[in-house]
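Below, in structure tokens: the form predicted alone, a single chain.
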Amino acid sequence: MSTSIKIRTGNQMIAEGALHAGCQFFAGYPITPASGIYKSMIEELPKHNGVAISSPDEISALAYCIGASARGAKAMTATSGPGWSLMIETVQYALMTELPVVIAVVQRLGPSTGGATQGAQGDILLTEYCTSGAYTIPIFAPSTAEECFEVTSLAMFWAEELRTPVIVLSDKEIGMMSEDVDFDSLVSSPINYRKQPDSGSANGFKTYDFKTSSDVPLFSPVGGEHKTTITGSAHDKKGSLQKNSPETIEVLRHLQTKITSRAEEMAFIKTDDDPNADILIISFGITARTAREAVKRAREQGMRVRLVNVISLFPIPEILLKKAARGVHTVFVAEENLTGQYRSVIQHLFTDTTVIGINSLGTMITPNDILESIIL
């Protein structure tokens, strides 16, 4: 075996991606199936001159990360469905205060505490629509250990670039399965840091200042040169509490526009193409791996099939998905949840095409499940 190839789990590669991207602070609480991220970061981040803290619970974990982010540190935490439920109030605070943080959510069967060791892909809507007002939170979903590295690096980049929470949405199988990883072939995003005002420009500084709604405010750390006002309540550009002044409404609109205006830049899919395809399969995470095998078998039987593995679940990569559906008569969306959560938010894109869900609950979707569905 090449020295560049090592056996790693997806959870370990999420940690590797965070370290490569310059993560400086981690706080977490162990929870299956995300505990591998917690373990790796607790062990490895101090070796990279970072701080890793074991928290008493998930609420504290994310609150610690937000505090570190307010001081300018690149911060990350990791959890699963029950822990994510506890974090939601603090996620909203991070969104409102424009404090970047990466949250790795490794899905397991729910609801409630569900099945700790049973995989699922049932947190799509819970993670994306967790905020009052349903603001768009960027979500990236890896389907391999290598993609765990790539996606975490990407999440770190966009969190800093847009000053927003970003989610790495993995699942139990991807997180805990060991596989060969070629470290020489890993892809990473540029290492960036949020933009700060020039030194000596304290006069007139506003914590949330911007000229156009899509701009990202310059960042000044708490306790730094500039006076900063960080509040989770509705506020104007200075951070002063306001109820519904025109400037406050402008700030609230900006929280959405700064994300959606960069949607095309964040759009990321991987396509296994057949230019003559009349069937399109859309999937993500562990089920995208199953779908790859199903597509291989379908083509061996003479079917013309195209596969799209969606990496950037949100903002929805609308242009890329519409393009992928050109020429097909049926779109199948395969996902390991009961109701077809991702299908429910993308099916409107395919107005002249039949959209069919392939779903399961408590069991993985097999290649035969997909193959039988597209043959019918």
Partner chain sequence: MTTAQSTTFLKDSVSFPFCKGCGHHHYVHNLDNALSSLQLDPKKVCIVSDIGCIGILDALFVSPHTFHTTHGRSTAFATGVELADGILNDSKLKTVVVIGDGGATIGLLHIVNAALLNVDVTVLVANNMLYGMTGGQNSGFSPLEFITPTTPEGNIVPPMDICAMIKSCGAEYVTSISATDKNLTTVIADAIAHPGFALVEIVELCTEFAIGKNKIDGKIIQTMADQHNAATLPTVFKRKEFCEEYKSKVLGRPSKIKNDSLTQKYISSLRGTRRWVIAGTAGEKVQLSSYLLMRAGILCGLHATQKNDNPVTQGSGFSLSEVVVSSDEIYYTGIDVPDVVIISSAEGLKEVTVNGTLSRSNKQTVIIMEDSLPEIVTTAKLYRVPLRSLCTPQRATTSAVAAFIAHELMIPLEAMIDSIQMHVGEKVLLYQDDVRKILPLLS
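Residue numbers count along the first chain shown, from 1. Just so you know, these numbers come straight off a predicted model, no measurement behind them.
This next part talks about the form predicted in complex with its partner chain, which is not shown.
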Distance check, residue 197 to its partner chain in the model of the complex, heavy atom within 4.5 Å: no
Is residue 133 close enough to touch its partner chain in the model of the complex, meaning at least one heavy atom pair within 4.5 Å? no
Any chance residue 293 has a heavy atom within 4.5 Å of its partner chain in the model of the complex? yes
Does residue 154 reach its partner chain in the model of the complex if we count a contact as any heavy atom within 4.5 Å? no
Counting only non-hydrogen atoms, which stretch in 273-281, 219-227, 125-133, 248-256 is within 4.5 Å of its partner chain in the model of the complex? 219-227
Joint contact, 7, 47 and 71 to its partner chain in the model of the complex, by non-hydrogen atom at 4.5 Å: yes
Taking its partner chain in the model of the complex as the reference, which of 160, 236, 173, 150 has a non-hydrogen atom within 4.5 Å? 173
What residues in 343-376 sit within 4.5 Å of its partner chain in the model of the complex, counting heavy atoms only? 364, 365, 366, 367, 368
